[in-house]
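We begin with a single chain expressed as structure tokens, specifically the form predicted on its own.
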């Protein structure tokens, strides 16, 4: 079972990493802003192809090596999970290294080719686009919170029948493998963590909803489709993930109270959760990746978008104190990343995590 889960995640990670150059914004190649007029440059296409082929070949070698090792004798689940997780992180690190390498190559090519030398930088705004934003309303996030509060209340009412040892961790099979002593606090610790996470996701959703919508002056329609699509699909994806996490945590909490509940399905529910999240991530990445790729491209000559490369450190980390946005579109992968110059972002993401860690050590 552990091997199946690790391999499933492996395939997902490899697929997502090799597709990264084709999923990001069309005018951002390896974290470098490229004027719309030059995105089909032969050297840029070659960089993407080399990244794809290199990443695919290395990933296959790593996965096959892991599979051969895992199928050897005397491998227990714990060893497979530890080594498999390390291998997955290895694939991500190699992908990141290749990305940084081609980021440097693309940056050098842009400088040598002087693509922006005779182009006027233009910033485009559209005051009507907010009315077309289809992000989910924030109040939908109260639904999973209500479920969590219900689970907490139910646990309090059933406190007397709880076991003396409260599970704190579950293995790949869905069976608890770590415990702590029963107290009123430890009894509701798990749904309490869940509630803090839900509040964090709600704050991220609100911050993302208020973030700026950046449009391209050289290709308004494609950038408009991208921004609206990214906002709409990311809000749906995040909400679905929060719902699935809520269902999974609630399942763990209820099986702690009623040990015979869902008997015979204990491994199936966590596995189904994993598969659904992975499928949802793929669908989300493909949907967003396609939003600005289809249809004819009409490029306005003589102008280009504002070059923001100086705000992206290594093409990965956004640091712009003049931008009020808390979250901005990623340049590596699909989704949102923090504007690290805005302290509100740290508050939204780090404070809940610090609270969870503090509670864990109480």
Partner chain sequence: MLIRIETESEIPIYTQLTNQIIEGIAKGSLKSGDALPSVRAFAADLGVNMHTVNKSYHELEKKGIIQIVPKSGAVISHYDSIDDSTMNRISDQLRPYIAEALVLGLDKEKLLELVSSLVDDIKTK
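Numbering follows the first chain given and starts at 1. Everything quoted here is computed from the prediction, not taken from an experiment.
If you look for the form predicted in complex with its partner chain, you will not find it shown, but the lines that follow are about it.
- This chain is drawn without its partner chain; in the predicted complex, the residue among 121, 112, 134, 76 with a heavy atom within 4.5 Å of it is 121.
- Think of it this way: in the predicted complex, its partner chain has a heavy atom of just one of 171, 280, 163, 212 within 4.5 Å, and the residue is 212.
- Proximity to its partner chain in the predicted complex, taken as heavy atoms within 4.5 Å, picks out 125-133 from the listed stretches 152-160, 125-133, 139-147, 247-255.
- Contact annotation: residue 68 falls outside 4.5 Å of its partner chain in the predicted complex, judged by heavy atom distances.
- Contact between residue 306 and its partner chain in the predicted complex is found at the 4.5 Å heavy atom cutoff.
- Contact check for residue 326: a heavy atom falls within 4.5 Å of its partner chain in the predicted complex.
- At the 4.5 Å threshold, heavy atoms of residue 193 stay clear of its partner chain in the predicted complex, well away from it.
- Contacts with its partner chain in the predicted complex, taken as any heavy atom within 4.5 Å, map within 220-236 to 220 alone.
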